[in-house]
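A single chain, nothing else alongside it, follows as structure tokens in the form predicted alone.
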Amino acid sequence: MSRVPFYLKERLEEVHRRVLYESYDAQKLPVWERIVLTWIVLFSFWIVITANTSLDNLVIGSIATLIIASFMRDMLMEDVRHKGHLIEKIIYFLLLYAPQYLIIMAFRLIESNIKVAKNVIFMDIKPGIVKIKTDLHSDTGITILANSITLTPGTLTLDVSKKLGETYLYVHWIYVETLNREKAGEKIKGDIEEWLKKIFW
């Protein structure tokens, strides 16, 4: 058998990887924005874990977390979508995105608990593993999506597969309602993916 198809497939995968990398690189936040956002997250965490709002503690915490943020900026903020001004992004996240995510997850948890309870009571269980596609490319975004799916009762994310720039999740579903990939994806992901796409690329 000719090796040409294999060669073409490898070249195609390489081109996809390059396009994906370039589009990802173009969406990266500037370095100073990554440092500021990381510092805000770490400093907030410092205040919560120390539970001390004295001036000395705040000054020490702000300096220590700023130093750490300058080194850790890529670990936490590398795949945050570059869109809008930094201040606008912080305000949107604190006042709109974070509460929106909590409300979405609260409804998803309540809905899933009721469905699972109904399935258990009536012994109406049809388990299976479905493969759903996600439009997210960011590792952080995919991780949050996979964990959000796992948090809702009745679904468990088993694996993630990336191929030719497309990402798929393998999800164990307690009651497989449909084998259609798109419909299953809509039912399992709900609004969570749309929310994540506002922040992660």
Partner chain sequence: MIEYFLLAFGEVVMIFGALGIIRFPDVYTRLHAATKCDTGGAMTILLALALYTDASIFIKLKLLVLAFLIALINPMISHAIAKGAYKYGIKPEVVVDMYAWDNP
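Treat the numbers as computed from the prediction; the structure is a model and nothing was measured. Positions refer to the first chain, counted from 1. Throughout, rigid core stands for the largest set of C-alpha atoms superposing within 1.5 Å between the two forms.
There is another form of the same protein, the form predicted in complex with its partner chain; it is not shown, and what comes next is about it.
- Proximity of residue 67 to its partner chain in the predicted complex falls outside the 4.5 Å heavy atom cutoff.
- Mapping the unseen interface onto this chain, residue 172 counts among the residues with a heavy atom inside 4.5 Å of its partner chain in the predicted complex.
- Not displayed here, its partner chain is approached by residue 121 to within 4.5 Å at the level of heavy atoms in the predicted complex.
- When contacts are judged by a 4.5 Å heavy atom cut-off, residue 55 does not count as touching its partner chain in the predicted complex.
- Remark: none of the three candidate residues (34, 62 and 72) comes within 4.5 Å of its partner chain in the predicted complex, counting heavy atoms only.
- With the partner omitted here, the residue from 76, 91, 109, 98 that has a non-hydrogen atom within 4.5 angstroms of its partner chain in the predicted complex is 109.
- Contacts between stretch 131-148 and its partner chain, counted in the predicted complex as any heavy atom lying within 4.5 Å, involve 131, 147, listed in sequence order.
- Taking the rigid core as fixed, one finds a CA shift for residue 95 smaller than 2 Å between the shown form and the other one.
- Put the two forms on the same core and the Cα of residue 129 is off by less than 2 Å between the shown form and the other one.
- For residue 116, a C-alpha deviation of 2 angstroms or more is recorded between the shown form and the other one after rigid-core alignment.
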